[in-house]
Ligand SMILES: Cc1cc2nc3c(=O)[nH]c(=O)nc-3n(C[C@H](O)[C@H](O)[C@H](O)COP(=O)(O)OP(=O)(O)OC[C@H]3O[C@@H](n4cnc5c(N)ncnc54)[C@H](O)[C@@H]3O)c2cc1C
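Take a look at this one chain, the form predicted alone, written out in structure tokens.
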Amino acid sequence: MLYTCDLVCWGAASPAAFQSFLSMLERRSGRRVTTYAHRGAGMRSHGSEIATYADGSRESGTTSTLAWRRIWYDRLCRESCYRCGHHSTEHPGDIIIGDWWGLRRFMPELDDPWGVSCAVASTSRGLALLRDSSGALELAATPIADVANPAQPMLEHPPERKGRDAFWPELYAHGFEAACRSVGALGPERAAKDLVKKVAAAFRGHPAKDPDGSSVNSAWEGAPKVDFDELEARGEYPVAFAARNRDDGVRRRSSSGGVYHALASHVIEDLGGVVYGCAFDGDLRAVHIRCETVAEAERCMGSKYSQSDMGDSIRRVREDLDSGRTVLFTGTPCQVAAVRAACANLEGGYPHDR
């Protein structure tokens, strides 16, 4: 059986661009970067990116470490991503997961400082996988229109250019740092804006929440229980949920609610299957890896914001399916579409269910 889980995607930056960003950090700091966490130490850090250097020091919330966030969304969408047909709610995966931007508008009582995911079941097998993994998840059903909203543009409409191409000629001609400066992502003006934001945030203080999150937990406990029998009988897709992992520790290490961890754990521990996902290698390059244990699958947690190298993953997925293993493949929509196409003739693959 092949389960596919694709991520909300607005285009993935090129690996070369991300490596250029890391090189810029190293030049500006004079130290070698060993890790770079896009979302910091959990959502309660307010998403502040953290660079860790070879000498053990860390840099967070600076103009340099925040530069990648400022450009990856608006500037680094590649030409192929503008032509990709896997946007809006027409994703190819059984399940779509990602941050639920706009949650505070539609379901504010469920807002969690560690992050909440949108989980969209696009097929019957996707809904079945969510149901089978629901022991580790808290789920609240919601209309798909609430999830695909202006705050979640990756599910509402394809990418739009809006003059973003200006970054690339500067990148090719003068390098990454110069390109960032040309669009205001670096330099004295940007540093001044960062300082003003820090002062304003300190003045306002953190949003009012119980330190132990008890008010949020009570809201989740009081949310209506999901009737999977009714949803499966209705057979109407996509079906959308607000979702978070029940384990605080998992959510703390996740980018958005920890849904991937629940799905991967179920496939590995309960079904004896394997999981494929994106992880950083020793050189901070995004690569797809094959995971036989939950510990291996945990390497794939967290956002990468860089296109991964698939390597021989498609061949190995086919081999696992051919040997009767259950497979969960997670990746960007275009990667999921490639895996599904390559495995369509295998029992348990697509288009036929086992």
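Numbers for residues come from their place in the sequence shown, where the first is 1. Because the structure is a prediction, the values reported are computed rather than measured. So that the term is clear: the rigid core is the largest set of C-alpha atoms that superpose within 1.5 Å between two forms.
Not pictured, yet referred to below: the form predicted in complex with the named molecule.
Think of it this way: in the predicted bound form, the named molecule has a heavy atom of just one of I97, L186, V239, L130 within 4.5 Å, and the residue is I97.
Among residues of the shown chain, G11 is one whose heavy atoms approach the named molecule to within 4.5 Å in the predicted bound form. With a 4.5 Å cutoff on heavy atoms, W220 does not count as touching the named molecule in the predicted bound form; it lies far away.
Within this chain, G61 is remote from the site of the named molecule in the predicted bound form, having no heavy atom within 4.5 Å.
Proximity of S182 to the named molecule in the predicted bound form falls outside the 4.5 Å heavy atom cutoff. Annotated contact segment (heavy atom within 4.5 Å of the named molecule in the predicted bound form): 257 to 265, selected among 166 to 174, 257 to 265, 223 to 231, 190 to 198. Relative to the named molecule in the predicted bound form, residues G93, A121 and S124 are all farther than 4.5 Å at every heavy atom.
Contact residues in stretch 298 to 337 (any heavy atom within 4.5 Å of the named molecule, taken in the predicted bound form) are C300, M301, G302, S303, K304, Y305, S306, S308, T330, G331, T332, Q335. Once you line up the core between the shown form and the other one, the Cα of N149 ends up 2 Å or more from where it was.
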